[in-house]
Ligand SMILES: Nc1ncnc2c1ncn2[C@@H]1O[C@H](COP(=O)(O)OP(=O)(O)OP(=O)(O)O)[C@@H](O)[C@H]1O
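Shown here is one chain on its own, the form predicted on its own, set out as structure tokens.
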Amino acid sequence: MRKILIVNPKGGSGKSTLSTHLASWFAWQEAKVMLGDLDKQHSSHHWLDLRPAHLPQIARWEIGDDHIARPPKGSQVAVLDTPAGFSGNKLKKVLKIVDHVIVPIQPSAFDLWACADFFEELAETKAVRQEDVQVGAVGMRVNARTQAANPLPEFLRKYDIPLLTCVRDTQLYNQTIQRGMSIFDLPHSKTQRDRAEWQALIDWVLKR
């Protein structure tokens, strides 16, 4: 089973967008997918409630009160969305049950500053030090026509975290998410560019 944690200490970084889209992609591969949501707002689970019945279904991963419940047996992929400020003991406990950590991050100075202490904390955890957990970052809402994303790779190199891909800023995500859908639920002809942006992330997750 692949167990993927989506985490960033800052709100509005794109965690739910990343979580729901990964879950959707795996569902299209006929995998049994569980989507968990630790955020009190339950954005990812609200997205599930809106998901049309004719699309590949994604099961709701109900998290226990201890917030460290393991994915149900029989699952092939489990994706866990987290709230802002998720760190400390909760982070350490969850790192014991996942194998991939993906950090969505926007290239603004405020977002980079907000993540500095988090990346230090992540690097010091036993699971990451022993490489039991793979960590990668995804640039979110990146406009390729500007130089705004230039500081991102250099910032991540300080923590030895690879920048897996960058996802562009487009209304296509808002239009699909509000209907319980993802770009992977749309025709290839309409999403070719966006699917190409996601491919490097998907390849990284599939390697292990």
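Remember, it's a predicted structure, so these values are computed and weren't measured experimentally. Each residue number is its position in the shown sequence, starting from 1.
The form predicted in complex with this ligand exists for this protein as well; it is not shown, and the discussion that follows is about that form.
Interface membership of S24, defined by any non-hydrogen atom within 4.5 Å of this ligand in the predicted bound form, is ruled out. When contacts are judged by a 4.5 Å heavy atom cut-off, Q147 does not count as touching this ligand in the predicted bound form. In the predicted bound form, I58 stays away from this ligand, with no heavy atom inside 4.5 Å. Within this chain, A114 is remote from the site of this ligand in the predicted bound form, having no heavy atom within 4.5 Å. Note on the interface: of 25-33, 38-46, 156-164, 179-187, the segment with non-hydrogen atoms within 4.5 angstroms of this ligand in the predicted bound form is 38-46. Residues of 149-182 placing a heavy atom within 4.5 Å of this ligand in the predicted bound form, in sequence order: V167, R168, D169, T170, Y173, N174, I177.
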